[in-house]
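Below, in structure tokens: the form predicted on its own, a single chain.
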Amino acid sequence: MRYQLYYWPGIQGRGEFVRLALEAAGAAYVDVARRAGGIDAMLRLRDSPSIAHVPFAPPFLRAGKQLIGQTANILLFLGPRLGLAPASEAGRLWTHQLQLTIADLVDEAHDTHHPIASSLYYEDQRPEAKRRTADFLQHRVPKYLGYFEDVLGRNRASDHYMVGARLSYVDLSLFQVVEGLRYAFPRAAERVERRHPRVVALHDRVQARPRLAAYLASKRRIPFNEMGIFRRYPELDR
């Protein structure tokens, strides 16, 4: 299967969680919107009246005749096919549950710089962003990372991974979260990571995997920037 991934070409965003899974598995895929005319193709597909299960917004994935939207839903589909999810139904549901929790964290990270409305510029909501970020860094990040630290400690199969004894897509997603927090809030991330050694160790193991290391060093990996979910505004990093 040659997959077609549709996502905005200039940011990592939510599409990066899907890219990491495809890259880690060595899957054949096309990042459609990064090709010439790709954005128009993506928008035409999204707005096509012939699509019964139309996605709300990118990312979405075309796999044969199927068109699948929402990051966690795409990973739920890809996981078993790429060898990045457990074989049992219970294991797949647990992995999906963890991915949905990561999605909650990602939404909160986005809202640090856009706490009022996505339609407003960051500069139009800077005071609110400072208040939102202070709570996010003081309370929410430690709560989320503390939860994932506990999940790793409770995994009887291996505390090297979130689920079972092998790499799953949720390990890749947690790696991306740590990377994003380090980019957006380097000072705060350094402080909070000291209390979550299992999460940091998981990040390092994922980063060292040959396929991931090659991807991260390549031009396929879009750099973090101030258009994506994780944005670096120094005045917010307290």
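Start at 1 and count along the sequence shown; that's the residue number. Quick caveat: nothing in here was measured; it's all calculated off a predicted structure.
In what follows, reference is made to the form predicted together with a further copy of the same chain, a form of this protein that is not presented.
Only one of 196-204, 49-57, 176-184, 24-32 places residue heavy atoms within 4.5 angstroms of a further copy of the same chain in the predicted complex, namely 49-57.
This chain is displayed alone, yet in the predicted complex one of 167, 106, 76, 82 has a heavy atom within 4.5 Å of a further copy of the same chain; that residue is 76. Under a 4.5 angstroms non-hydrogen atom cutoff, a further copy of the same chain in the predicted complex lacks residue 38 among its neighbouring residues. a further copy of the same chain is not shown here, but in the predicted complex it comes within 4.5 Å of a heavy atom of residue 143.
Although the partner is absent here, residue 68 is a contact residue: one of its heavy atoms lies within 4.5 angstroms of a further copy of the same chain in the predicted complex. Among heavy atoms of residue 161, none comes within 4.5 Å of a further copy of the same chain in the predicted complex. Contact residues in stretch 89-125 (any heavy atom within 4.5 Å of a further copy of the same chain, taken in the predicted complex) are 89, 90, 93, 94, 96, 97, 100, 101, 104, 107, 111, 114, 115, 116, 117, 119, 120, 124, 125.
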